[in-house]
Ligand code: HEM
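In structure tokens, one chain follows: the form predicted on its own.
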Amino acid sequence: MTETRAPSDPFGLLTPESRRDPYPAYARVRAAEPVHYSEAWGAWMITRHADCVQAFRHPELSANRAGGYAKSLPPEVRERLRPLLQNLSRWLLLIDPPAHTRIRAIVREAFTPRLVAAMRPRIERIAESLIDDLSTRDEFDLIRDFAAPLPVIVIAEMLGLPPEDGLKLKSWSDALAAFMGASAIKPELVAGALRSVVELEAYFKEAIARRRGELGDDLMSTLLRASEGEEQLDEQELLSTCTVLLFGGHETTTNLIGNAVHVLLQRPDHAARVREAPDEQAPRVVDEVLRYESPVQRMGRVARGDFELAGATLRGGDRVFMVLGAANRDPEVFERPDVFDPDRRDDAKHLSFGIGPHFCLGAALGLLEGRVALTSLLRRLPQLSRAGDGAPAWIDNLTVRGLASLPLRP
């Protein structure tokens, strides 16, 4: 019987310590081999800020990771996973121009700064309603009871879906996140993602059928009008776009809120500054949290062909990750990169929203939700504190950086 060799992990990327705190391992990679092929990840890691900027714009790097994953599967497995692969293959995050350009043009009208700013009163009302309930409890879980429901209610309403469906929408999205950020593709993760996509598409088909009879001003109606006009969104593009809007519209914001509260609980002086001058301090804190504890630690691409990047030779078909968690703490770019400092004045910006054609469409919405969430929590619950003395429970995921739970006392 042949033993399967464990992948080499010289930098300790997959150790329990690195799963809780990946930044020391990132620093070791960045210092020793900035563009490094990791057996542990089964992909290239790009860890310097400048190299990530170049990679985001490199014509030989494709966003079509779903297609690359499908090609690696045996035909019988590919057929069994067809619903999952078809859905992912049309995600805005995972397609290239011209399809990406066409679909993004339809969706971006709902995320203009003016329209997002107009949503602030509604987001504040949702936050206040959630806090009304939390303030009456002896203890609550920030993630489950506030950071998760707030953005999922917002994106559900934007899509024209009932807010009360938020819990099941969140569970479907979580299964996809677990699959997409796993260090190893385990059968149970694949099965969970497949089941979630099948159920989510059935849900969206019913919602779309209802909406066709009475179009409104929600995002789903916008997509339906496009599908019937010159843009000609086909059914799979429609379903996949609804899926990625749901996924991208709340998953990262949940973790942004959780990471921000976690960071501020350890720094009461910064929390006090947000309470005293929320309009000035909340944007600074949220932006620094995005750099310091980015909810998205890496963004992937696939090499179209052979090319060189920062002295490394990449081959066609290779998987590549721009490691945002490493780039955002690059000492060549950020002074005292491992220090949380909302007042920093570094010329370079963090890369947590990406750059180029795939820059996060919902960046303005996520920033607004993060600022509203922090401001409301700290104003309404000035004595907010950790419940219990255990270590934070981080999600075990290479792509997503967030807390699985954060028990608090109001």
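Everything numeric here is computed off the predicted structure, so don't read it as measured data. One rule holds for the numbers: they count along the sequence shown, beginning at 1.
Keep in mind that the form predicted in complex with protoporphyrin IX containing FE is not shown, yet the notes after this line are about it.
Given a 4.5 Å cut-off on heavy atoms, tell me which of 67-75, 93-101, 260-268, 125-133 is the interface stretch with protoporphyrin IX containing FE in the predicted bound form.
Careful reading of the contacts points to 93-101.
May I ask you to choose, among 36, 58, 358, 371, the residue with a heavy atom within 4.5 Å of protoporphyrin IX containing FE in the predicted bound form?
Of 36, 58, 358, 371, the residue with a heavy atom within 4.5 Å of protoporphyrin IX containing FE in the predicted bound form is 358.
Name the single residue among 110, 178, 309, 244 that comes within 4.5 Å of protoporphyrin IX containing FE in the predicted bound form, judging by heavy atoms.
Selected residue: 244.
Using 4.5 Å between non-hydrogen atoms, is residue 290 touching protoporphyrin IX containing FE in the predicted bound form?
Answer yes; at least one heavy atom of residue 290 falls within 4.5 Å of protoporphyrin IX containing FE in the predicted bound form.
So, residue 324 and protoporphyrin IX containing FE: in the predicted bound form, are they within 4.5 Å at any heavy atom pair?
Yes, residue 324 is a contact residue.
With heavy atoms only and a cut-off of 4.5 Å, decide whether residue 353 touches protoporphyrin IX containing FE in the predicted bound form.
So residue 353 counts as contacting protoporphyrin IX containing FE.
Applying a 4.5 Å heavy atom distance criterion, does residue 253 contact protoporphyrin IX containing FE in the predicted bound form?
Yes, contact at 4.5 Å.
Relative to protoporphyrin IX containing FE in the predicted bound form, which residues of 268-300 have a heavy atom no more than 4.5 Å away?
Those in contact are 290, 295, 296, 299.
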